[in-house]
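In the form predicted on its own, a lone chain appears below as structure tokens.
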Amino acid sequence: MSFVRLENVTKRFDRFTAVDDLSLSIEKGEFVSLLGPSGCGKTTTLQMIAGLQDPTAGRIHLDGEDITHKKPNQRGLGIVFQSYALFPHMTVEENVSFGLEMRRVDRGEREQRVRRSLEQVQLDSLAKRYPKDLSGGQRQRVALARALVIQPPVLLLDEPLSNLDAKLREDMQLELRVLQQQLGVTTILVTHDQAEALSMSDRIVVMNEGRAVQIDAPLTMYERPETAFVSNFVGKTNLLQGVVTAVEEDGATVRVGEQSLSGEGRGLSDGAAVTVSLRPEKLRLSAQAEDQSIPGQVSAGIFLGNHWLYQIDSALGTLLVSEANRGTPPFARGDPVHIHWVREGVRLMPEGAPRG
């Protein structure tokens, strides 16, 4: 039986439906991310799991128990908010100890658990400091320690890293994932950052307009998106419109403008309109023509450290192409190039599929 289970959960605010008939099962120890644009229903879903919002319809179960109408303090869940919500007049150890005091844990056990929790987030040397004396990353760790010290069955994270700078955010993603795996705590993360969801999750729930558009492991989500919305939201991609000219065992040949190309996909039929997804890193540039290539011209290029991102004008339209930085001179604006791809890098999606 799933550890956390949402059954046909719906939340309406007057005439607005924030979450629409959402069903989701999460296993014990799993890290699941709710990913989507602003207003898609991901935060409302987390709030219903936490007990901060009541569902309009549906049921929520935790470890086999129906908690749909239980109060937040009766659920025993750990929550880390975007703002961290630390008490400014309390020291680090007092902030972490607060939840245990509310649960009337005796002083000896309380001190031991606070010390262990601070050690887990590498803040034991800062126990006597106040939040104002800490960096953003240290405050985030305090909030995490406060959530974990109560030994919650589920850890709920509401965009906890969004206030950190890019480098610290990347470091904290790794630290949080390692800690979660070490503790084995079931974790649900809300984020609008696809890189964050891809790097940290066991599974991702892509949401849009209150509905789960696709639920999959990160690699599957990225490599085999089921809709144009998912393909475009989870990572960069080139989206083209085409028509199926021949159905194949695991995909089809399609015509995009005057160009014919073969790719992988499901639910395809002769003459059907399709969306073609070409990830920038699945394309390759060279100065010479080869099989399965088309000519183009570099219209722009930017250097991103470990790779170059080019904009190429071609017979397929304007394409983004990502090239690894191998230390060789880059292509320049105006250079003629040839764009290559392999069939496995072409994803075909029926136009009739839900777009999210």
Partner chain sequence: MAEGGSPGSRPYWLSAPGLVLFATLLGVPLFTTLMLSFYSFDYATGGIQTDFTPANYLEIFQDSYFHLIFGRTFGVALLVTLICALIGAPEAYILARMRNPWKSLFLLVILGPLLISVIVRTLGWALLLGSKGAISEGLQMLGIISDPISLMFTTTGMVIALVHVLVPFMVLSVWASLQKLDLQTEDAALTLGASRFTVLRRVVLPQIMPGILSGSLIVFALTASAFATPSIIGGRRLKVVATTAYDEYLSTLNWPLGAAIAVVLLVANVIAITSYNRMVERRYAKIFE
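Residue numbers count along the first chain shown, from 1. Only a predicted model underlies this, so the values are computations on that prediction, with no experimental measurement involved.
Heads up, the form predicted together with the partner chain isn't pictured, but that's what we're talking about next.
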In this chain shown alone, the residue from L174, A85, A246, A273 with a heavy atom within 4.5 Å of the partner chain in the predicted complex is A85
Verify the contact flag for G99: yes if a non-hydrogen atom of it lies within 4.5 Å of a non-hydrogen atom of the partner chain in the predicted complex, no if not.
-> yes
Would you check, heavy atoms only and a 4.5 Å threshold, whether P72 touches the partner chain in the predicted complex?
-> yes
Please run the contact check for L52 against the partner chain in the predicted complex: heavy atoms, 4.5 angstroms, yes or no?
-> yes
Any non-hydrogen atom of A197 within 4.5 angstroms of the partner chain in the predicted complex | no
Within 4.5 Å of the partner chain in the predicted complex, heavy atom basis, the matching stretch of 88-96, 188-196, 210-218, 118-126 is 88-96
